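Quick setup: the structure tokens below cover two forms of a single protein chain, split into structure 1 and structure 2.
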Structure 1
């Protein structure tokens, strides 16, 4: 793709995102579904920062997503009824956990890394599941809602107005995605891609591979916990399923489905996945089988993802 094409594509994506609440209804969707695409899309893009651009296979991102969700929910419920503060706490909690676990696993590679991330992902699930008094256990954390935003000049009611929350989520999404894009363009981002392409050569060039991967892991988890914070606010609820391994798998399939090698791929994958899941689960009890079959089909027939295929067509 040449420069002009890329800019047109970017403009098109932002235009679609900005207008989504106004045409979602016409094609059978609803605003909340749009918000879910944004939030899960952010999580998938955060994962892809690591998966697609650093080449590290993490299969446990739901842990940090869920920590963001619980941090946010518990802040509003127990500490202060403030949405921005709650998001901040959620992100800090998720990022600290990622920094610690990242330090333990940064030397593993490939399947080993994947296994360790899967296994560590479950710790927080069990904590949330078992610590009934605080987390609400299996029933989840209820009895709180997202709070209206008090800006200096106006109050924005994001609770009663679905569209207002959508635009809050979109604003947060835009900032997060912007930072990730800048990072990937920076020397740091280029170094990550170098590590992905040839770790040994990067090492010979004197690049501190472990530190770079650790930092990429932490940044990726930071944005995943930001997405988790938004997810809790979206649902006014969070439960241990926000931390569980199946959600980690869903993030990975979103990234692969949309195209791991392209920046916007995971968002496209998230949109397809969210809409498909919404449709299938409202039509059949056996939605798990359909989603599972979908995984198998994507792996066998679309390993490059939607945007990967489009890119290839354009290149030809």
Structure 2
């Protein structure tokens, strides 16, 4: 029965994602909002690969999200006007940075790990903020746009067509979450869960804990960089706020809000966060206060997140 429920839930999620541009308008949304849900949902799920399934908290994932965004934008503006190549460069830049930094901090745990990730993230933020000639500084990197996709047999205009870009983002999202799901179901994924549950026992069993955490960190940041690349293309713009620590906090909120120990929880949390932000911010500048209160209520009374509430109701 659980297997059937899980398959039904997966099918329902994919059906909603595939049809989102057609029903978002009926609830007061728009296609670009759906694209933001997809992109930030991917970033939250990337963080959750490390937080929810490995048990390691990072408050610096915005650094790799932002590096993916800047790598993509700078490739189009300064190197080659190619959307696929720009995404690839953005992901490579973010992943290389994660591999280097991960090797330096992998032996830290708990608060120390979280604080060190913030520190490294702020280094990238201040570089982007100060290097005006290249990054545009506080004004952001402008003067570039995402390019049409040339597939040989057809050209897809993702600049003037919000639906086309949404389905491009959804295709990338599908590949990314498919890879994540395969990794979590593999022996590697089971080892990460063992480390999360009891690191000391995992070490006694001969598991190379540091190497697994490092690899989980790099994989997590790779997908965060991919989300950042899509975010830059979505906005045709990026600025230092894509690297700032408070964006990392938003990713954590999304993961916890939806349910950080479930696969789809961060996507649900991202959808709630993005829609609430869009709706409440159109009525008041203090929109973060309302999201903060909602987050506190969920953590206090429903520690397994919104998806945990839904699962409990279905089980009853």
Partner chain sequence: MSQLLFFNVFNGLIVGAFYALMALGLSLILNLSGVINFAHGGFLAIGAYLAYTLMPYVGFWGALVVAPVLTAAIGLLVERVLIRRLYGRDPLYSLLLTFGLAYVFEDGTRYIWGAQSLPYPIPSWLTTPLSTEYFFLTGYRLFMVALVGIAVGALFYILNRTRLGMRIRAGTLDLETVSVLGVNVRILRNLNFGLGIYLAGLAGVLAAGMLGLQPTIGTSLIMPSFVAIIVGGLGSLTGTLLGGLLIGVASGITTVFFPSATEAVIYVMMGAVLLIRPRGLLGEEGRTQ
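Just so you know, these numbers come straight off a predicted model, no measurement behind them. For the two forms, the rigid core is made up of the largest set of C-alpha atoms that agree within 1.5 Å on superposition. Numbering follows the first chain given and starts at 1.
Exercise. Looking at the two shown chains, say which is the form predicted on its own.
Key: The chain shown as structure 2 is the form predicted on its own.
- Superposing on the rigid core, do we see a C-alpha displacement of 2 Å or more at residue 30 between the two structures? The answer is no; the displacement is under 2 Å.
- Query: Once you line up the core, how about residue 16: does its CA shift reach 2 Å between the two structures?
  - Reply: The answer is no, as the C-alpha of residue 16 shifts between the two structures by less than 2 Å after core alignment.
### Message
Superposing on the rigid core, I want to see if residue 275 changes position between the two structures - specifically a Cα shift of 2 Å or more.
### Response
No, the C-alpha moves less than 2 Å.
Item to complete: Please state the CA displacement of residue 296 between the two structures in angstrom, with both forms fitted on the core.
Response: Shift of residue 296 at C-alpha, rigid core superposed: 3.5 Å.
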